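What follows is one chain in structure tokens, specifically the form predicted alone.
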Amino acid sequence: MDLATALAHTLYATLHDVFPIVAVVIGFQVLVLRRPIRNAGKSLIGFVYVLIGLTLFLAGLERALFPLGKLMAYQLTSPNFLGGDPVSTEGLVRWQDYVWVYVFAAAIGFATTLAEPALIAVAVKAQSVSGGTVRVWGLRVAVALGVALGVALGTYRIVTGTPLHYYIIAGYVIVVIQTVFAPRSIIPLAYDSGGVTTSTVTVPLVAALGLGLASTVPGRNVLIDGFGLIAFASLFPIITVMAYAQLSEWWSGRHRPQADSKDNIN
């Protein structure tokens, strides 16, 4: 009964959130465009599918992903796993004792990003409109590496307790510098890549990891230190995607003179 009650409450909340979107679309179609809704039956069935899918997904987050992230943070920071008290004689947390936390954060950031549906959709569209210049797997791996780097650095920030804005300011300075030198065609895609990573799969696990880590590391405040990992997950993919484009351009330019010289000899 607990599961059924939870699903019913989640279904009601989902319907409450989705209904305004449906009302806006139908209102514009009927009142502004003054045209009938095509395939109304199929649209209704699709709406029901969306409600069921979102309900099951949100219920799964509450019962699986959020507890899993907190549990992993608790286990990786327990004194039994670390082999003793992680606090030094000066009262400071020894950041080097949490190496496995950084490794787990990077791995979970990389894996969840590869599975992110929004990123897959953007990568497929990018390959289609670029004529194959932007590869689906190239873009996905570049973004996943950025999220992995960002989440690992974010967990280091939580462990050390250093201010969040130092990292964000430094990161955006790098982004601005890269924007000047990166190929113009990749810049809008790189900026969008930072946004699509913070979606349905990545956010729940990363947020749960940050909250769990802040609640278990000595001297950390959940409200102050527990949040901020999503900002890292949004920022660093911009850096890695532009770096990927810059490296690709450099590699192509390096081999182009050799090919041109062979053509001239022939």
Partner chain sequence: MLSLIRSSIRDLLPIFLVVAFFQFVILRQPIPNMDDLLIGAALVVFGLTFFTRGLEQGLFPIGESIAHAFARKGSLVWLLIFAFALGFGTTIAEPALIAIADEAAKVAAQTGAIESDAASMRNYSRGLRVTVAFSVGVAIVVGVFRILKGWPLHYLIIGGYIGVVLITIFAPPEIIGIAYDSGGVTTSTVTVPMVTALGVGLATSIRGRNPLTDGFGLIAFASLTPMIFVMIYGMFI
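In this text, rigid core is short for the largest set of C-alphas that superpose within 1.5 Å between two forms. Model, not experiment: these values are computed from the prediction. Positions refer to the first chain, counted from 1.
Keep in mind that the form predicted in complex with its partner chain is missing from the display, and what follows is about it.
The candidate site formed by F181, A208 and A243 is entirely out of contact with its partner chain in the model of the complex, as no residue has a non-hydrogen atom within 4.5 angstroms of it. Using a 4.5 angstroms threshold between heavy atoms, V30 stays clear of its partner chain in the model of the complex. At least one heavy atom of G53 is located within 4.5 Å of its partner chain in the model of the complex. Of the heavy atoms in I238, some are within 4.5 Å of its partner chain in the model of the complex. Not displayed here, its partner chain is approached by S185 to within 4.5 Å at the level of heavy atoms in the model of the complex. Along 159-182, residues L164, H165, I168, I169, Y172, V175, V176, T179 each place a heavy atom within 4.5 Å of its partner chain in the model of the complex. After superposing the rigid core, the C-alpha of G69 moves by 2 Å or more between the shown form and the other one. Superposition of the core reveals a Cα shift of 2 Å or more for T55 between the shown form and the other one. Once both forms are fitted on their rigid core, the CA atom of V18 lies 2 Å or more apart between the shown form and the other one. A decrease of at least 3 Å in the separation of the C-alpha atoms of V122 and A40 is found in the model of the complex, compared with the displayed form.
Between V122 and F47, the C-alpha separation shrinks by 3 Å or more in the model of the complex, relative to the conformation displayed.
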